[in-house]
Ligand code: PFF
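Presented below, as structure tokens, is a lone chain in the form predicted on its own.
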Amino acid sequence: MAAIGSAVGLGNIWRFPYVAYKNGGGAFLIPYFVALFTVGIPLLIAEYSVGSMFRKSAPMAMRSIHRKVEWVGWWGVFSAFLIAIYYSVLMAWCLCYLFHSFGLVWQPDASSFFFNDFLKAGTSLSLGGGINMQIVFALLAIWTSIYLILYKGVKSIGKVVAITVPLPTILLLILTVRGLTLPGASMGLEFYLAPDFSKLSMPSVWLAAYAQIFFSLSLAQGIMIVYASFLKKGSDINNNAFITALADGGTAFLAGFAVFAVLGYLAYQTGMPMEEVAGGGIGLAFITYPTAIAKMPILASFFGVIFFMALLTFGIDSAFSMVEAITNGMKDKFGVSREKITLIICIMGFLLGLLLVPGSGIHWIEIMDHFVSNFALVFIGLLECLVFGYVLGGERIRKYANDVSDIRVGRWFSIMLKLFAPIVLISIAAASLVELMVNGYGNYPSWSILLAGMIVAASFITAIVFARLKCREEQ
């Protein structure tokens, strides 16, 4: 359940539906499930197996495979921490909007409220600008919650996910049922699901499917390795991987119904075409969907609370899993106490998150998310495939997983891990690099793109440094 909670996050709600409708609607499910079974599940099985086999965090599990690849594990957990920094800010926004929902305070213009009143955003990328103190306090509440969940270890995590995994799914079902009863919902669902099979001949659609699977399953961040290290010996690896992957995909698909049914209603109410209403990312969660909620005929505030509570509970499991990955790495490497290192990491996360609270923070969140997701995690995933497939051995992993699993995977697993997955990840990185070189990113200035690249490079260098430090057994 913790793994499902980590995999199912904010991206399932505001990324998958948008990616699906842009890439063939219902037809997108074909490349999506092909990607799930050819890359997502094999790499998930590999990460679960490595965690269960060595019973260590990602950096020390990599060290157990070979001393010279420990840095790959560190790069993964440092990248996860970078994500946690801006992810927690997004969750702070959700917490604020949860309370704003009671009075629908974003009316009458949700866009103006979000950018001007809430974020106090400007066009400048400087770290100055207005600060909304309610976001600061919300961010403090988020990091305090992460600390309280993690400091006692896996038992407290188990108690939390028993609530935070099923609850947002129930809330999403409530939103879906309400959305389906609104006028115009069928128009939104047709826009979401109408299959365009001609797009299946486009390489970009298949790359989008693989990218969605890779980013959605929390791969290459050290999370699944450390979670699997807590499994009892003999726990079923393959079943766990299939259940996690299918639960993640199913939640993303369900989210599409909740999102597009309400967007169809918004288009019906405003007379705007679906092409203008439909969108993904931050704007969907904080502008478009709240606008639609405010137009609901009854219980609008109630459904606003339901929506942002769902986002908050979906997000918290992903957030603390990213922190868990780095705190366990530090504990395993240096022998520090869990309570102390968790507190230090959470304080650092809060302080660094404050840099993103001013109005310019939204721009830096978008830039960092693009670079970490499309470059750092892709290269880490590629390195993992090579280490698992060639250094540890794909067949060794397959045998280990099969010995403890009801579902046995065939030799296709090794082929996917050693050949197919690396080719796909190289293709994603190459496509992202070409897109960046040709079109830049989001009309942002070149200096901001260079700075983001330097931050990613710094995480790589830090990983190398940490791998060279002596672990507790050597001191």
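By rigid core we mean the largest C-alpha set that fits within 1.5 Å across both forms. The first residue of the shown sequence is 1; numbering continues from there. Since we're looking at a predicted model, the values are computed, not measured.
The form predicted together with the ligand exists for this protein as well; it is not shown, and the discussion that follows is about that form.
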Proximity of Phe215 to the ligand in the predicted complex, heavy atoms at 4.5 Å = yes
Ser318: touches the ligand in the predicted complex, heavy atom cutoff 4.5 angstroms | yes
Is Ile83 one of the residues lying within 4.5 Å of the ligand in the predicted complex, judged by heavy atom distances?
-> yes
Look up in the predicted complex whether Gly9 has a non-hydrogen atom within 4.5 angstroms of the ligand, and give yes or no.
-> yes
Which one, 226-234, 388-396, 319-327, 341-349, holds residues whose non-hydrogen atoms are within 4.5 Å of the ligand in the predicted complex?
-> 319-327
One residue of Tyr87, Phe303, Trp143, Trp106 in contact with the ligand, assessed in the predicted complex (non-hydrogen atom, 4.5 angstroms) | Tyr87
Using a rigid core alignment, state whether the CA of Phe16 is displaced by 2 Å or more between the shown form and the other one.
-> yes
Just checking, between the shown form and the other one and with the core aligned, does Tyr48 shift 2 Å or more at the CA?
-> no
